[in-house]
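First comes one chain, alone, set out as structure tokens in the form predicted alone.
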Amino acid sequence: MSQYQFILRRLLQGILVIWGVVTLVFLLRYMTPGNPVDFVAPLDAGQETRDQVAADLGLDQPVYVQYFDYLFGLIQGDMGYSFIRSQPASSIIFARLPATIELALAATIVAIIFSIPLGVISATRRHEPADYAATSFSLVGISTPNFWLGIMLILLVSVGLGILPTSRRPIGFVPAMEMFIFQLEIQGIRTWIAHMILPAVTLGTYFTAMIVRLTRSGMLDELGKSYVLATRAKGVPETLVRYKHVLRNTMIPIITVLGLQLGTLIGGAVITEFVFNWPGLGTLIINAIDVRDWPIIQGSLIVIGVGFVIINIAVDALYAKLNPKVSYE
């Protein structure tokens, strides 16, 4: 099977997965308690008014009619209108999406910067204090809930030391870069970085701990292979052996996990965004759940699901490209 046939097959599988996500998310509306009409209609509204509100929202139709109407609307790019804001759900969701992507990418960068060096040190200094420190950090990082870590960072770093801000960022990455490029103003980038540090560390800690363990185990496995002994026997410096040969072969599974976890971070940033009042999809979903704004809830979950599927397809293709031993079959 060629690479293009492999990608086409994965795209078809991805479409089926997305259809399953759409169907499941749509059915959640009828499986959860609460009626959107209660949040839209006035508190003293009579039954006639409530029936009119339900008709305006399309909630008076049979479930299967609503499902197919919603499905055909999605095919045309229509996610419906927010019950509360009376705006297209797609415009609200895609306005919040860049903030979530920024946070997920920043958390990934934090994880890469800290995890891979720690994993290499832990593997090359096995059973030494550096190894114990790295493995202890990975254990604590995996065991610590993100919401608790975020609250503790706010109390210690922001409230206690007054170093970094806690509230939502006043400027996004793109506007900050535009200010720097066109106006030579660096204050926007400084503000963005200051507001990004604590959420990115909070979201990326679990990811960092996991990659430390993966890097350590991969390095230990590679260090015991014959090609490493042969390379050392040729007189190649130890640093070059570790980073050019051993780490390079270890990076293939790490890249795979990085890609898959990026999709997980996009969907898993909900609690972290809520703790830091981050203007992303996570905060939007929680606020929409509070008022049963189902077009926003459904659209946000579908966007996250589509992003996860796309990232998985890209990672599969990249993995097969990086590792010639992997067959497209």
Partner chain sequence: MIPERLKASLKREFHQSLLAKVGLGLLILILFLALFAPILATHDPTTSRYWDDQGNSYPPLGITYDTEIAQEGERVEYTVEPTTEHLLGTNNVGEDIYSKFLYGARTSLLVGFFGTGLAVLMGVPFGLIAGYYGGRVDDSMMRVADIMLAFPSLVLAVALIGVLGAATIPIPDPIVMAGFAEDMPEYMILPGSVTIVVALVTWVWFARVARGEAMAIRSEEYVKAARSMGASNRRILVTHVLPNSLTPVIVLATIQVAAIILLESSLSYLGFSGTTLSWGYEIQQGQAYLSTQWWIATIPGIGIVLAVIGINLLGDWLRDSLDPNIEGEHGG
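None of the values given here were measured: they were computed from a predicted structure. The term rigid core refers to the most C-alpha atoms you can superpose between the two forms while keeping them within 1.5 Å. Positions refer to the first chain, counted from 1.
The same protein also exists as the form predicted together with its partner chain; that form is not shown, yet it is the one meant from here on.
Chemist: Of the options L247, I101, I254, I142, which one has a non-hydrogen atom that comes within 4.5 Å of its partner chain in the predicted bound form?
Modeler: Comparing distances to its partner chain in the predicted bound form, the residue within 4.5 Å is I142.
Chemist: Of the residues I113, M152, M177, A130, which one places a heavy atom within 4.5 Å of its partner chain in the predicted bound form?
Modeler: Among I113, M152, M177, A130, a heavy atom within 4.5 Å of its partner chain in the predicted bound form occurs only for M152.
Chemist: Taking V25, W148 and Q261 together, does each of them reach its partner chain in the predicted bound form with some heavy atom inside 4.5 Å?
Modeler: Every residue of the spot touches its partner chain in the predicted bound form.
Chemist: Is it the case that R85, even though its partner is missing from this view, gets within 4.5 Å of its partner chain in the predicted bound form, heavy atoms only?
Modeler: No - in the predicted bound form, heavy atoms of R85 and its partner chain never come within 4.5 Å of each other.
Chemist: Is W278 part of the interface with its partner chain in the predicted bound form - any heavy atom within 4.5 Å?
Modeler: No.
Chemist: Does T32 reach its partner chain in the predicted bound form if we count a contact as any heavy atom within 4.5 Å?
Modeler: Contact with its partner chain, yes.
Chemist: Under a 4.5 Å heavy atom criterion, is I289 part of the interface with its partner chain in the predicted bound form?
Modeler: Looking in the predicted bound form, residue contacts with its partner chain include I289, since a heavy atom lies within 4.5 Å.
Chemist: Going through 168-206, which residues have a heavy atom within 4.5 Å of its partner chain in the predicted bound form? Please give them in sequence order.
Modeler: Residue within 4.5 Å: Y206 only.
Chemist: So with the core overlaid, does the Cα of Y67 end up 2 Å or more away between this form and the one not shown?
Modeler: Yes, its C-alpha moves 2 Å or more.
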